[in-house]
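Before any questions on binding or motion, here is one chain by itself as structure tokens, the form predicted alone.
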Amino acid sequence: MKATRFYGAGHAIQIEDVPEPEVGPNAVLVKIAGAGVCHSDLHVIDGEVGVKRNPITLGHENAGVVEKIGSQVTAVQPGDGVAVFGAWGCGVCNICERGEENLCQNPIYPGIMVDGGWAEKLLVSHSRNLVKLNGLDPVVAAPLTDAALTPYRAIKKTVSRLGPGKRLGIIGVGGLGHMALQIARALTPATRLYAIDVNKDKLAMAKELGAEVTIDGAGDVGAAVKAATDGEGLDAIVDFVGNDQTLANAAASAAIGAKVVIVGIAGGTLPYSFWKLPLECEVTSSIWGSRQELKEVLELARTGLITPHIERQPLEAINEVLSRLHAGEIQGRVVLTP
């Protein structure tokens, strides 16, 4: 089968023929219909996040059709359309047992620890990591497994601060941010949405997706937010970038009692002390989402409340896609279609 292969930072991705994986008793072989290309993949490709094997196939946003199942698998059958839940946990620790594998301290992430889905087929180590699509297009579903699941969990953390007359800020209207706007509109439709980005095209897209106010992230964001909110600031902010500047912008834009959720992994630091943030401002992080939350995300998509902006590309275009992603030239999500 064809697969992309990553040999380390500084090397172009290769397309190679590799052996089809053997399917163990609890495993499932999925024929990939769509595999998303995520900005976090760049952190791996640039050497900022280490992988556990070399070479490795990247790709953690995957969906397709079940091709083979192990002898102990009963949850899915060949021919089933499935989304691959990518936050594979160990399955046995207390955190996994309570249903939050995304917080497992011993994860087995595809595309980092084991081969991912930028290939014709993906071996899923356990059938518990699959969610049936029930008719949803797998190409649409693929990016939902991260680009929608991650903002879904993050937005849920802010819901107690939101509602009629309240204000939510989204920093970074990329693959995750464009989904966050739709998710926020679905979960809390009376909340006023503010989008912050340095790219004018992405701000235009944010307007189309329901942002009431768009703000140029290259300017004085705090002043612009305060001017647009009668000096009060935003009741909740989700930062999908996470560098020094965006975190500073989040702090400068927060209202008294606001909640700031950090999702982006750009490595920035937010100075935190009693006097550095508005009174009783809460700061937390959010990573990926649970399997149950993925089911909820897929249902939002099935009912038409959220739709990822997708650009389809073949496996062979991966290096061009990554170059464009590095340059910030992609709106929404590129989905590889082997």
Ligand code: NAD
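Quantities reported herein were computed from a predicted structural model and do not represent experimental measurements. Numbers for residues come from their place in the sequence shown, where the first is 1.
Missing here is the form predicted together with this ligand; even so, the following discussion is about that form.
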Flag residue 287 as yes or no: does it have a non-hydrogen atom within 4.5 angstroms of any non-hydrogen atom of this ligand in the predicted bound form? yes
Given that the partner is absent here, does residue 325 sit within 4.5 Å of this ligand in the predicted bound form, heavy atoms only? yes
I'd like to know if residue 263 sits close to this ligand in the predicted bound form, meaning any non-hydrogen atom pair within 4.5 angstroms. yes
Examine residue 176 and determine whether its closest non-hydrogen atom to this ligand in the predicted bound form is within 4.5 angstroms. yes
Counting only non-hydrogen atoms, which stretch in 272-280, 36-44, 65-73, 309-317 is within 4.5 Å of this ligand in the predicted bound form? 36-44
Contact check for 152, 169 and 182 against this ligand in the predicted bound form, heavy atom at 4.5 Å: no
Just to confirm, with a 4.5 Å cut-off on non-hydrogen atoms, which of 90, 198, 204, 186 contacts this ligand in the predicted bound form? 198
